[in-house]
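Taking the form predicted on its own, here's one chain by itself in structure tokens.
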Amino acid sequence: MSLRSLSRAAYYAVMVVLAVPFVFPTLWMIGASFKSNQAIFAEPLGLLPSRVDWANYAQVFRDYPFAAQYLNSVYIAVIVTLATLLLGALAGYGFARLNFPGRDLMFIACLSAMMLPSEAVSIPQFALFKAAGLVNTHAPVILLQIFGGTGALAVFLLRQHFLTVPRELDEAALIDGLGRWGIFWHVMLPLARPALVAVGIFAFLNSWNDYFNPLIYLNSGERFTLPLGLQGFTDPLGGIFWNLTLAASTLATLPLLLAFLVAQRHFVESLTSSGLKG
């Protein structure tokens, strides 16, 4: 075996060892989701079930409002992602390309939404939504993602991307007769596809995994999102049905894995190309 082959084999061996802490919990969760509660504790580190039993998956839909909670998470995440992409692209383009009084100050104020911990502003936010009669609705969960840290991160990433686009493209488009809206729609947005994919993944991920805001604003099981719903697989004495919790967790993880696998190339491209041009 040549030295190059040995080096490659050693490289893959190290990568496999380093991947174990990340991959093992996911594989264990999937394997345990097919076991009974007793079988999980009888063999805690076992990856493979003795037999594949779909009863846990059927039970989470039959005995709990899991389907409604799943649908809640899906439609909230889709709305948050689309709105974040639209508003983030418009704001990012404006901060990167347009000159108006107070632009830099407004950009810093926008970034403050990303820097402030959500717990610090939760009380006045709750008072506002309660006065508006929006408690126990999905409106606060959606709006606090779009106009909170997720939206601010989208504005920041897209502004950084638009700063990297040569201004000569704007000038050429203006000579060809395009206005600001036409430049944004026909020139800038197609060039921003990798950044938009990355922002979309961040927005979907943050909304899908949001536990804090639904915990504060939702108090009805049918209105819960998945992070809240996962804590509901208990018996009357508070004991946790781990087999049902793991089956539900596996189902809750699937959209995230699918989204990342489909868009991973654009995601990596955006993170490496957006840079930190100020």
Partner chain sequence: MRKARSLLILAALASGSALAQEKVTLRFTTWAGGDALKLLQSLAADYGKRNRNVTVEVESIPFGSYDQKITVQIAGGTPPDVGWVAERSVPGYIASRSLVNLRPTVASDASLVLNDYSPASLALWTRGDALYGLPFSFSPMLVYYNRDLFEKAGIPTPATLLRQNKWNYAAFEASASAIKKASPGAYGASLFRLDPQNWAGGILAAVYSNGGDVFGQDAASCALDSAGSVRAFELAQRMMRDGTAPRLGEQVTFASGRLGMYADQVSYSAQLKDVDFKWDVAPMPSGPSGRKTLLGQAGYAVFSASKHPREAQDFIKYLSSRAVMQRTAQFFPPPRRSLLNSSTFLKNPLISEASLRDAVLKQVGSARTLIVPTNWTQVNDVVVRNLERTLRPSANVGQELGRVCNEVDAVLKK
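Numbering follows the first chain given and starts at 1. Because the structure is a prediction, the values reported are computed rather than measured.
Although it is not shown, the form predicted together with the partner chain is what the next lines describe.
Although the partner is absent from this view, F41 contacts the partner chain in the predicted bound form, with a non-hydrogen atom inside 4.5 angstroms. Remark: F224 counts among the residues lining the partner chain in the predicted bound form, judged by a heavy atom distance of 4.5 Å or less. Residue contact check for Y57: none of its heavy atoms lie within 4.5 Å of the partner chain in the predicted bound form. Shown alone here, F241 lies within 4.5 Å of the partner chain in the predicted bound form, counting heavy atoms only. Here is the short version: of L98, I123, I175, L105, the single residue with a heavy atom within 4.5 Å of the partner chain in the predicted bound form is I123. Using a 4.5 Å heavy atom cutoff, N37, L215 and N219 all lie near the partner chain in the predicted bound form. Listed stretches are 146-154, 80-88, 189-197, 124-132; the contact stretch with the partner chain in the predicted bound form is 124-132, by a heavy atom cutoff of 4.5 Å. Counting a residue when any of its non-hydrogen atoms is within 4.5 Å of the partner chain in the predicted bound form, the one hit in 64-79 is Y64.
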